[in-house]
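Next up is one chain by itself, shown in structure tokens, the form predicted alone.
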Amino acid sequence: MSRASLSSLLKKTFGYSTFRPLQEEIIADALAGEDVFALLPTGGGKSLCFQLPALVREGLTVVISPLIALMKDQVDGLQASGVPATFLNSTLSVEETKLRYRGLYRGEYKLLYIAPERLMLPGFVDRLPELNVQQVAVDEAHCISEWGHDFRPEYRQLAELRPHLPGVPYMALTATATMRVREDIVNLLQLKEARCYTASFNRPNLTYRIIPKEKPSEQVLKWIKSRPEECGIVYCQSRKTTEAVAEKLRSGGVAAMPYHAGLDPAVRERTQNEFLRDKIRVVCATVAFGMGVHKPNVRFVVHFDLPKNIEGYYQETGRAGRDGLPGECILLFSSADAIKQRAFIEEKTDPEEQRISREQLQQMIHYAESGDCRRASLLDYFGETFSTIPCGGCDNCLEPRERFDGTMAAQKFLSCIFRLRQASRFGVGLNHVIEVITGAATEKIKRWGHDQLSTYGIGKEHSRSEWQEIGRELIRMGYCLQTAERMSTLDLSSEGMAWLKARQPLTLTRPLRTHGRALRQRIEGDIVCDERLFAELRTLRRTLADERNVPPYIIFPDVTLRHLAARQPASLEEFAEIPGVGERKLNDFGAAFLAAVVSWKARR
């Protein structure tokens, strides 16, 4: 199919005039019958990569999806755009299931969404060749790898699918995967000479900010109340905390509900549906809430507690701003949270798992405490270099932390580590180094003779907490090394030893402070429009969505409404040029929204 024809089909069906990065190349390979692996960030348009080829081909595209809610959401959206799609899962009655089976055998559908365990049932998988399957798309493909953050054993069954559909091309898609997970996906799904695509992990419309944790429930309530029209997710470490934070928000007038694995499934489903339909504004959740949430207008993600690792943090923050409009990512941080996380790690029984968890936690702490660009730090974790600094979208770039001449402090701290190792021939932890340098009279210091060292008591000009900050920054800078063992110890690195000998000037960063103003300068992805008209269009959208029993964004996403409120079309022809307005939606909803715009203009 020609490039012009694909673009025409994209506009006619989904209402967009241009492809997102890598979409066109992936679609071309899929239509050429190639196996494809695609790693695209959340909000990067993964679904279109298999949906558009499905419309071009004769026959059926089978989409393997891990979550029931996600299936229904995708199918509702496709049907609203005029695409014949369906799903099979346990929510359907026997009669409805039979009707959909009949439709599949008659070739009435272009896409079938199905869970792996349902797909691999002997009674179904053996009949797949009769359904004229032309492509298999494995969504959330990282679930197949034991090294992935959302490993699902049922995904392993997919390794047995290929012999049932010889010659049918596969597409594997995920939003986040390390190199090891990528290799697992390709090998376990038996992708043949796969064409591999990896987009940038950068989410330019997201702003990242770390806030010192002080009275966190009040901090979160105040922050959310300052955004009365926005919805979001507050991630908490424990079930108890989700319920406490949700109650605090409700008592403050914010429509919020908890979500965790300990709740009755019916309660969880109701909470998720009400969130998707904008009936509640905030979900306070454990990490059990996330992968199936395809809500494009989540405007903020707050981490009430410290995440376990950067990969999980990146994925969870990625649920903000899926529609490309601005999203804010807030992390409340305190050293006490880090201590709690370390205690949880000590409960693990596998020593290797403990070691890996400690390393991951240390990376997360370094990220939270660092004065460097947050975006650059995140991308560096995934092996991507980001050089546009300041990025304009994180606290450290928008409000740079105060710097100071730390040459003398670094000399004292590193010298103390050197003298301790020289005197005792064994390593000590960060706290012990600080106790020696501040002249503490502990039993250990006396027993080991560390009060006799030349560095004993030489750092009384700084408090213990200030030395904690100095020490952790020197670790981040690579001047000293911290082991990932249960009783972690410090040692000088070769870089630290070289610097100590050279005694060159060194600049350090002041610790995090609570900033008075919110970071609202970020405009990447924003669409300036009349906010009053936008509010009226949202109300109309909600009415139409309730009539059809679907989430509001199935009618039109916020991006389309903001374009409408900005351009204010005067005819259906002009309305058709708005991004997100395809042929079917123009016919179904164009007149109603156009009338609302015309009426609003007449009242001005």
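Residue numbers here begin at 1 and follow the sequence given. Given the structure is predicted, the values throughout are model-derived calculations rather than measurements.
Below, we turn to the form predicted in complex with ligand ADP, even though it does not appear here.
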| property | result |
| --- | --- |
| Segment assignment from 34-42, 541-549, 563-571, 59-67: heavy atom within 4.5 Å of ligand ADP in the predicted complex | 34-42 |
| Non-hydrogen atom contact residue 303 with ligand ADP in the predicted complex at 4.5 angstroms | no |
| 4.5 Å heavy atom contact, residue 19 and ligand ADP in the predicted complex | yes |
| Partner contact for residue 358 in the predicted complex: ligand ADP, 4.5 angstroms, heavy atom | no |
| Contact test in the predicted complex: residue 48 vs ligand ADP, heavy atoms, 4.5 Å | yes |
| Option touching ligand ADP, based on a heavy atom within 4.5 Å in the predicted complex, out of 322, 182, 450, 72 | 322 |
| Residue (of 281, 294, 375, 476) lying close to ligand ADP in the predicted complex, criterion heavy atoms within 4.5 Å | 294 |
